[in-house]
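Only one chain is shown below, in structure tokens, and it's the form predicted on its own.
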């Protein structure tokens, strides 16, 4: 048996006997078996134990594991955490809080000591329970393939793998190993409490399934193994698509080229959404189907703009051909739109003159006499970033400002009737977060041009125009 496991550890897990392995040891049969196997195989092991303070016997169990480390003459790391209080503070479940706290502790210790891996004692029965739990809660390939023997990167480290050497070993085999090798595991009585879903699966549902279909556990384990191999192919496709679709990964956001993303197969789009979510929420375990669909549905929306809350404080945005997944309140880039500088409420542009906006955008103003104008170019203008206006003979400058409460605008073509600027911006599909600082060209307080969209009634050229101002909004070079 040792020869078999020694081969598995060296080949399947590529573990080096000269480098330390940190083992999370609860004192139960799984972690005790794993510790004994690794130690007897000659690996350099370090024991880590977290006292969750959830049960009266927790302190005694911590002392027992510490005594085991002393008897084996291996290093021991202990951390205590009041999980119940932490769960109440964060609003998470006790099981989820305990898991997160435990793995944060294990990987922190592993990093401090330079461990080559963190080893956990999950077994084949745990794998079956995990797959069933995910199936009942709704999942895709990521959930149905269960846990993986090696996970890197993982939610706790980009460099230190989480390894599960016993994932293909059944719990009755582990108990037999403990008996044969005179190991005395501790048994957590809370594992019998069926108020927890995993325990109900273990003690109620799985035995019933075995009655309907003997051998179902083995088949579920095999299914997870098959799907893991299929998932590897999909992961390669997602990684390849990421290179062509990803635009930027910033502080609190990930952005994709919306058109390139929409051309990807649905499974790849979903995979990219999940990858982006994992970048924003490193501790996320399995994003729900509904959350993924809320994100991908934006790519199929008409018009191709909008916003959708996804999950865990993350929202999806579709703006100007860019698809974002971002924290609420994240400072998203706005280089694709003209925006007023953050340090200026208003600017003055001389006639003629030029002003600088945010992120390299500019507005220029040139003054012409009527005879200097190419009237065909003016009449056939289809460029929303250009405007020819008549502001009279006396005007020497124009104001440029952002939107103000109560602003109204009289667009050309409405017969002089005005409309709330806020409503017009909605009608024009200007992204919500771009509206407040969108530059408005004004004479006094009156808006004469909404750059990129509409010119105002009353400032167009006519046969009596003598002095003409040519305004142009310039993109960053």
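It should be emphasised that the depicted structure is a prediction, and the values quoted were computed from it without experimental measurement. Positions refer to the first chain, counted from 1.
Same protein, other form: the form predicted in complex with another copy of the chain, not shown, and the subject of what follows.
Although the partner is absent here, residue 261 is not a contact residue: none of its heavy atoms lies within 4.5 angstroms of another copy of the chain in the model of the complex. Looking at residue 138, you'd find a heavy atom of it within 4.5 angstroms of another copy of the chain in the model of the complex. In the model of the complex, at least one heavy atom of residue 233 sits within 4.5 Å of another copy of the chain. At the 4.5 Å threshold, heavy atoms of residue 205 reach another copy of the chain in the model of the complex. Judged by heavy atoms within 4.5 Å of another copy of the chain in the model of the complex, the contact stretch among the candidates 354-362, 314-322, 127-135, 69-77 is 127-135.
For the options 249, 191, 90, 222, the one in contact with another copy of the chain in the model of the complex, meaning a heavy atom within 4.5 Å, is 222.
Checking 329, 114, 265, 406 for any heavy atom within 4.5 Å of another copy of the chain in the model of the complex turns up a single hit: 265. Relative to another copy of the chain in the model of the complex, residues 38, 58 and 62 are all farther than 4.5 Å at every heavy atom. Residues from 183-217 that approach another copy of the chain in the model of the complex with a non-hydrogen atom closer than or equal to 4.5 Å are 197, 200, 201, 204, 205, 208, 209, 211, 212, 213, 216, in the order they occur in the chain.
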